[in-house]
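Shown here is one chain on its own, the form predicted alone, set out as structure tokens.
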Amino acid sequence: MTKRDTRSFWIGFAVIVALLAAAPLVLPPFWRHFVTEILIWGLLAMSSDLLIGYTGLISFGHSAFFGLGVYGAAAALLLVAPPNLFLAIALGLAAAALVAGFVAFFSTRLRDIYFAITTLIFSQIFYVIIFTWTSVTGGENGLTFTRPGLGVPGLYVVRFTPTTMHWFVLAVVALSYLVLRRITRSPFGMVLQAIRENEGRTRAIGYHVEHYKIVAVMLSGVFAGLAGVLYALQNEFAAADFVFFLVSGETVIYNVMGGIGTLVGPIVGAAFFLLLREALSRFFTEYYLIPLGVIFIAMVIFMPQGLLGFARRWLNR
């Protein structure tokens, strides 16, 4: 990347972050909350893109990482008094990383559809455990808790308002994007892309492909867990539905709609999907999934590179 490209990137990044930071100051409460959730789901989609777009592994297990992040944060907030924000983040990330490592150890030995099905099976196993272990997880009723403040209990704590919560989420998502961008452009990220293009050749030139896949799944799971922690803090609620495979399916849809292998595309796809679902549900009520499905099929056929790819082609013209 040239110095001009680098400067253009940082200018564009700063403008977008500034606009998102100003959003809660001008938006009504519903849309302020909605934009914050778009950022959280965008982070989950970005974490999935590390596998789908850069490693060539389609994962249907991200709901497990996301849900364990939610429950890990909930456990920290319910078991420790006064509730500690940093402990909630640490426990949520630890739970997601542990589960991601366990899933990666078995699933990365497989390829293509077998990898996808294995991750789906693991996510459903964790869903059944959480749904049936009612004495700990609350089962179908879930868990409710109080959002902690920002700071160290006993010293200095600032209570979150909807606006400051939005800024906190924005800061975490922006930093996560920069970290993921650095990972994908590093030598490690180049090896992941080599695995995506030709796994056999990558193995033949001396790289231990399975080790790289395990690390990729764990990194992806940690960022998915971070999205789960943010969702728990935002909504003060944990439920078994967050571990259900539908969350993984929607995450894949975000990637396809926005543009696979771009990091930014999944965020765009999450925003487009959530806005479209919100608009269609107001007009078609319980039948909104029908037009939503038709639009998704049309996008897959006519815009296979997603919204970001379509925008790039249009600008190049």
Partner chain sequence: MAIPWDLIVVQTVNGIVTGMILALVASGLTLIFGIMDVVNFAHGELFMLGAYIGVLVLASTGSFLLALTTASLVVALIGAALQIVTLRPLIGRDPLTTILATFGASLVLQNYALWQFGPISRKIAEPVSGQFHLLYLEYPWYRLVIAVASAAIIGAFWLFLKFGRYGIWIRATTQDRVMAQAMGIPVPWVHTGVFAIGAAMAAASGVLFGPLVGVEPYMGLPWVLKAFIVVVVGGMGSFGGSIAAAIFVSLLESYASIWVSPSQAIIVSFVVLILTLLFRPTGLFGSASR
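Residue numbers count along the first chain shown, from 1. Everything quoted here is computed from the prediction, not taken from an experiment.
Below, we turn to the form predicted in complex with the partner chain, even though it does not appear here.
Undergrad: Since the chain is shown here on its own, which stretch among 124-132, 86-94, 197-205, 162-170 would lie within 4.5 Å of the partner chain in the predicted bound form, judged by heavy atoms?
TA: That would be stretch 124-132.
Undergrad: At 4.5 Å between heavy atoms, is W31 in contact with the partner chain in the predicted bound form?
TA: It does not: once the partner chain is placed as it appears in the predicted bound form, W31 has no heavy atom within 4.5 Å of it.
Undergrad: Given that the partner chain is not shown alongside this chain, does R109 nevertheless sit within 4.5 Å of it in the predicted bound form, heavy atom to heavy atom?
TA: Result yes; R109 sits at the interface with the partner chain in the predicted bound form.
Undergrad: Would P304 count as a contact of the partner chain in the predicted bound form, using a 4.5 angstroms cut-off between non-hydrogen atoms?
TA: Heavy-atom contact with the partner chain at 4.5 Å: present for P304.
Undergrad: Report yes if any heavy atom of Y212 sits within 4.5 Å of a heavy atom of the partner chain in the predicted bound form; otherwise report no.
TA: Y212: no, not in contact with the partner chain in the predicted bound form.
Undergrad: Scan A116, V191, L78, L98 and let me know which has any heavy atom within 4.5 Å of the partner chain in the predicted bound form.
TA: Flagged contact: A116.
Undergrad: By the heavy atom within 4.5 Å rule, which residue out of L27, V35, I253, L276 makes contact with the partner chain in the predicted bound form?
TA: After the contact test, the surviving option is I253.
Undergrad: Assess the spot marked by L120, Y287 and F296: is the partner chain within 4.5 Å of a heavy atom from every one of these residues in the predicted bound form?
TA: Every listed residue reaches the partner chain in the predicted bound form, so yes.
Undergrad: Hey, which residues along 66-82 are within 4.5 angstroms of the partner chain in the predicted bound form, non-hydrogen atoms only?
TA: Result: empty, none.
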